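The chain below stands alone and is given in structure tokens; this is the form predicted on its own.
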Amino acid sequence: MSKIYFAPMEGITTPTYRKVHKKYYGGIDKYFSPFIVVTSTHQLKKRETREFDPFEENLVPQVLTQRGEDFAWAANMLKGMGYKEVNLNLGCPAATVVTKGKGSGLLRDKDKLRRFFEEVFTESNLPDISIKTRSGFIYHEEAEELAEIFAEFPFKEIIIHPRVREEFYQGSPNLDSFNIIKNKAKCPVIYNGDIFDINRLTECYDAEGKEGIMLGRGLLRNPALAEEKEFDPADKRLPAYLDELYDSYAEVLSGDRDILFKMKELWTYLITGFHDKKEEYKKLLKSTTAADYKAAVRGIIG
């Protein structure tokens, strides 16, 4: 069976969420943190420090930066905390990230990308380094040059979301560009992109995901997907999972409004499994108090 990873999703797959998901659902070999922004000051915001401190077993911290020396600093700092692997974000398509030459913005200038990795790997005693990348910035044909660059460096793994930055999350993943990078890679290559159900998960086991699969939105729709189970609205774990998640957010957030924002965001994915609950879902979205929210949830899941 392929390894299964939980993708980093900003604002969603936080330590609070990961703790609750791990308690109720299995099948995940590694969780990846939402990205930690590192600049030349080497000072992290408290919000970002909370993504990896305290140390968390089977977590891979992900770093977002535009300079190789800053990434190397972060990698060594995280290694000192006990993390054996650190991941570089080469995939974020947000304009605020890309315009600063970070995330998928690093893919635009291939010479700069190569220099970035040269700076990183001149450092000694680094933890294992993996990357999560798109297959290009504007064109899928960029995969050829990216494959050549990636093959020059000793990565632990390469995780590929085979869309270019210009596509964001639209259209279909481009498997040709995925295979171009995979075929030239000198390390395991992990497939990421549009795995929402058991049929697609099984297809990936037999094709592009033999070395590993990363799930993101699919796990938010079906938290048991990594267990190779179809979504079951009657799963007895679901009410307890949602209740504990709400209570856990209440411990770290202040007021119903912030907690409800988190829960409603999760429900935008989860509701896909409840096709006949449109009216109840509308009530959930309109809820402004814990009592209203929990009543709406009972109307959806019983």
Ligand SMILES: Cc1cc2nc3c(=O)[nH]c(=O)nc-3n(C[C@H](O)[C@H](O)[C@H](O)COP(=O)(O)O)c2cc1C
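The first residue of the shown sequence is 1; numbering continues from there. Model, not experiment: these values are computed from the prediction.
FYI, the form predicted in complex with this ligand isn't displayed, but the following is about it.
Trainee: Residues in which of 186 to 194, 204 to 212, 68 to 76, 144 to 152 have heavy atoms within 4.5 Å of this ligand in the predicted bound form?
Mentor: Residues of 186 to 194 come within 4.5 Å of the partner.
Trainee: Would you check whether this ligand, in the predicted bound form, lies within 4.5 angstroms of a non-hydrogen atom from each of Pro8, Ile12 and Phe35?
Mentor: Yes, all three are in contact.
Trainee: Which of these residues, Lys110, Lys100, Arg217, Lys156, gets a heavy atom within 4.5 Å of this ligand in the predicted bound form?
Mentor: Comparing distances to this ligand in the predicted bound form, the residue within 4.5 Å is Arg217.
Trainee: Note which of Asn174, Asn222, Asn89, Ser130 lies within 4.5 Å of this ligand in the predicted bound form, where distance is taken over heavy atoms; exactly one does.
Mentor: Only one listed residue qualifies here, and that residue is Asn89.
Trainee: So in the predicted bound form, does any heavy atom of His161 sit within 4.5 Å of this ligand?
Mentor: Looking in the predicted bound form, residue contacts with this ligand include His161, since a heavy atom lies within 4.5 Å.
Trainee: If you check in the predicted bound form, is Tyr169 within 4.5 Å of this ligand, heavy atoms only?
Mentor: Tyr169: contacts this ligand in the predicted bound form.
Trainee: Contact with this ligand in the predicted bound form for Tyr241, defined as at least one heavy atom pair within 4.5 Å: yes or no?
Mentor: Output for Tyr241 is no: heavy atoms all beyond 4.5 Å of this ligand.
Trainee: Using 4.5 Å between non-hydrogen atoms, is Phe274 touching this ligand in the predicted bound form?
Mentor: Because no heavy atom of Phe274 falls inside 4.5 Å of this ligand in the predicted bound form, the answer is no.
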